[in-house]
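One chain comes next, on its own, written out as structure tokens in the form predicted on its own.
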């Protein structure tokens, strides 16, 4: 009985989260075109925010640079899936050592995997910086990485087309592809969270100096989580490119960063369930506000530009005042269980005090 209860405690949270994203996928698959678009992009957001949670949720260090991994996945997918004749036109001035990019072509599944792997390589290159810094310095360093990535993509016109849009990407992302990757991301994130490395990294989140004094290699565990989260965020970028079929470098900068940070902070960045719930809730809220701003709910009277972003920011402030650690706090979605001696539902277990974060 104890063994069965232990297994149930382990699998119920990822099972519930996968069920939640399945409901979103079913809504997108059975709805109209607009519903399918909203559901698919919401699932892509889930993939990204779950990837961000692998690092920030376990380490307690908020990253503002993970959008660069999404960009790596998106550009890799574009290079591999754009038809060769069009690619030769778009990238006529490729440097000699990259000329092979104009000749290569692959299917979307291969490009999806390649996008994740390229993002993981970028994560591996940048991991030493994250491993050596803590607290505010680490967060600023991730923002600096994003600025470097944006300027490289915006300036290296021969390879990235600069500020011009990447076009001609075949649509490979469907609602079910997005669901499959989102479900896999949830399972991988949960397995890492429950692993020895994940537990040790969360111990450093609770008390950085005590974890180091106990012999935990905090830097190594942060680097591992950083690379794994880069892989997942790269998959999100590949899905994003494969769905929109065109994108611009400006889609991977501060606006996207703010949107994803709102998702994970509003849901609860210390909880995997909070990451999923926050991504879905903010995606739905943004769509409703977009329709308000376009005048669909106000009789054709459009609201001033930027009102939707102001409302999202106001909602975030209210939630943080009422629940500083987000809607889910440190809790995870679990099935209600009854006490042995009565009918009252057992409350979700929570630590005696809120996490203090990395020093």
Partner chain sequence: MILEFLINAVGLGALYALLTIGVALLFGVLGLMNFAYGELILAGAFAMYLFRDQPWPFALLMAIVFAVVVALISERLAFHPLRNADPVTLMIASFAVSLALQSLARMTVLPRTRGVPPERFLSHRVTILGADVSVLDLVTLVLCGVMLLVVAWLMGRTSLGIQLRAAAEDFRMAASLGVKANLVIPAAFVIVGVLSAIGGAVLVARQGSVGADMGLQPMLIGVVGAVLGGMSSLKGAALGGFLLGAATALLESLLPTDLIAFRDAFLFSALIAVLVVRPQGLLSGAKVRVS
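Residue numbers count along the first chain shown, from 1. Since the structure is predicted, the reported quantities are computational estimates derived from the model, not experimental observations.
The same protein also has a form predicted in complex with the partner chain, omitted here; what follows describes it.
*Any chance all of 135, 155 and 313 sit within 4.5 Å of the partner chain in the predicted complex, going by non-hydrogen atoms?*
Yes: each residue has a heavy atom within 4.5 Å of the partner.
*Identify which of 327, 333, 36, 62 has a heavy atom within 4.5 Å of the partner chain in the predicted complex; exactly one of them does.*
Checking each option against the partner chain in the predicted complex, the one that comes within 4.5 Å is 62.
*Select from the listed residues 227, 265, 282, 80 the one whose heavy atoms reach within 4.5 Å of the partner chain in the predicted complex.*
That would be 265.
*Can any non-hydrogen atom of residue 247 be found within 4.5 angstroms of the partner chain in the predicted complex?*
Answer no; every heavy atom of residue 247 is more than 4.5 Å from the partner chain in the predicted complex.
_With a cut-off of 4.5 Å between heavy atoms, is residue 289 one of the residues that contacts the partner chain in the predicted complex?_
Residue 289 lies outside the contact set for the partner chain.
*How about residue 84: is it within 4.5 Å of the partner chain in the predicted complex, going by heavy atoms?*
No - in the predicted complex, heavy atoms of residue 84 and the partner chain never come within 4.5 Å of each other.
*Just to confirm, residue 272 within 4.5 Å of the partner chain in the predicted complex by heavy atoms?*
Because no heavy atom of residue 272 falls inside 4.5 Å of the partner chain in the predicted complex, the answer is no.
*Can you check 256 to 264, 181 to 189, 213 to 221, 98 to 106 and let me know which stretch has heavy atoms within 4.5 Å of the partner chain in the predicted complex?*
Selected range: 256 to 264.
*Out of 120 to 145, which residues reach within 4.5 Å of the partner chain in the predicted complex, heavy atoms considered?*
Heavy-atom contacts to the partner chain in the predicted complex: 129, 132, 133, 134, 135, 136, 137, 139, 140, 141, 143, 144, 145.
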